[in-house]
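As a starting point, one isolated chain is supplied in structure tokens, in the form predicted on its own.
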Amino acid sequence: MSEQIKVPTMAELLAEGKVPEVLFWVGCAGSFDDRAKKITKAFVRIMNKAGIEFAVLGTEESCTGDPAKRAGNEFLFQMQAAMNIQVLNGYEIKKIVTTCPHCFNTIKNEYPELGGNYEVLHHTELINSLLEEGRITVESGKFEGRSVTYHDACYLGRSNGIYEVPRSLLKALDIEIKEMTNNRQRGMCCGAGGAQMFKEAEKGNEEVNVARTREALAQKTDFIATGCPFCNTMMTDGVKFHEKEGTVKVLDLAEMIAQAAELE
């Protein structure tokens, strides 16, 4: 992309004697996965538009340890967590926002017992507050006549009870929302959590993401909205499996808001 996106690091701001409003924890997917990078850029554009002073850790950011912990390697998790907490506390970080529910859940709920206490927000929560405060505005007609179904991420929904905030963003877009049969507390996993993303499938009749995507496609919508880079990958793969990539788009909520705010 030829555009210039301003993303300062904590080290750069510290050198200037500045303290950011919030630290943006990018996460492994948002940093290295080509598809997830688009979500990262959309969210950065939103924060820049709203005038939020934020920074990233850059090369000082490491994996939160979520995959290691879910795979059963508690020792590796604690090593990774301790390293991150040392960096975060060194910068005296108070508030963190992330586009990944896995990072969100781990830093919010599992870092405190290891000495990492922060206010942690999922990016949908921050975007929702920006809309409510009028710091960003969306063009309501951008998705007029279109429809969407929202897939609840496990670590956002069942683990942290965040169901309505993502839907509030969709309502702000004035798009028709069609709920899947299994939604909110009964939402079905995309198949990536628990470190399953990084291992070969076990013997069974069908991949989880194929089954979940079938449920989404049954709503006959133009879009499948997600709030998690892992879910985005799994649902995108599911759409490809069902050969529907020409008619159904899988987008993160940040991407949809950025489009409606004419930021991309």
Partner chain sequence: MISSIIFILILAAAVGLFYRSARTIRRNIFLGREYDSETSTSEKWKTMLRVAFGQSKMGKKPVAALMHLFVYVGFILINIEVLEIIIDGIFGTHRFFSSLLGQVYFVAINFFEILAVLVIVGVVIFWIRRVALRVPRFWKPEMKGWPTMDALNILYIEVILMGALLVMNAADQSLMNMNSEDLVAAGLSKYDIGMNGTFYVSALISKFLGSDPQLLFYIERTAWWFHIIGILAFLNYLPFSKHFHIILAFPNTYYADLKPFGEWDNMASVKKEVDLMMDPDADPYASGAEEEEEETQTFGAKDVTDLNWKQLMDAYTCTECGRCTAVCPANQTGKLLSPRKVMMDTRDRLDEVGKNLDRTGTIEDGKALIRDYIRPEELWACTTCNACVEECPVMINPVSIITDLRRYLVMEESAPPQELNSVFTNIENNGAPWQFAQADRLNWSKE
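Remember, predicted model here, so these are calculated numbers, not experimental data. Numbering follows the first chain given and starts at 1.
If you look for the form predicted together with its partner chain, you will not find it shown, but the lines that follow are about it.
Undergrad: Could you work out which of Gln78, Ser168, Asn117, Asn183 is the residue within 4.5 angstroms of its partner chain in the predicted complex, going by heavy atoms?
TA: Looking at Gln78, Ser168, Asn117, Asn183 one by one, just Gln78 meets the 4.5 Å heavy-atom criterion.
Undergrad: Where, among 117-125, 91-99, 160-168, 131-139, do residues come within 4.5 Å of its partner chain in the predicted complex by heavy atom distance?
TA: In short, 160-168.
Undergrad: Could you tell me if Leu173 has a non-hydrogen atom within 4.5 Å of its partner chain in the predicted complex?
TA: Although its partner chain is absent here, Leu173 would stay clear of it in the predicted complex, with no heavy atoms inside 4.5 Å.
Undergrad: Wondering, does Asn105 line up within 4.5 Å of its partner chain in the predicted complex on heavy atoms?
TA: Close contact exists here: in the predicted complex, Asn105 approaches its partner chain to within 4.5 Å, heavy atoms only.
Undergrad: May I ask you to check whether Ala68 falls inside a 4.5 Å heavy atom distance of its partner chain in the predicted complex?
TA: Residue-level check for Ala68: yes, a contact with its partner chain.
Undergrad: Considering non-hydrogen atoms and a 4.5 Å limit, does its partner chain approach Gly145 in the predicted complex?
TA: No, Gly145 sits far enough from its partner chain in the predicted complex that none of its heavy atoms falls within 4.5 Å.
Undergrad: Does each of Gly58, Glu61 and Glu207 have at least one heavy atom within 4.5 Å of its partner chain in the predicted complex?
TA: So, yes: the whole triplet contacts its partner chain.
Undergrad: For the heavy atom contacts within 4.5 Å of its partner chain in the predicted complex, list the residues of 80-113 involved, in sequence order.
TA: Residues within 4.5 Å: Gln80, Ala82, Met83, Gln86, Asn105, Asn109, Glu110, Glu113.
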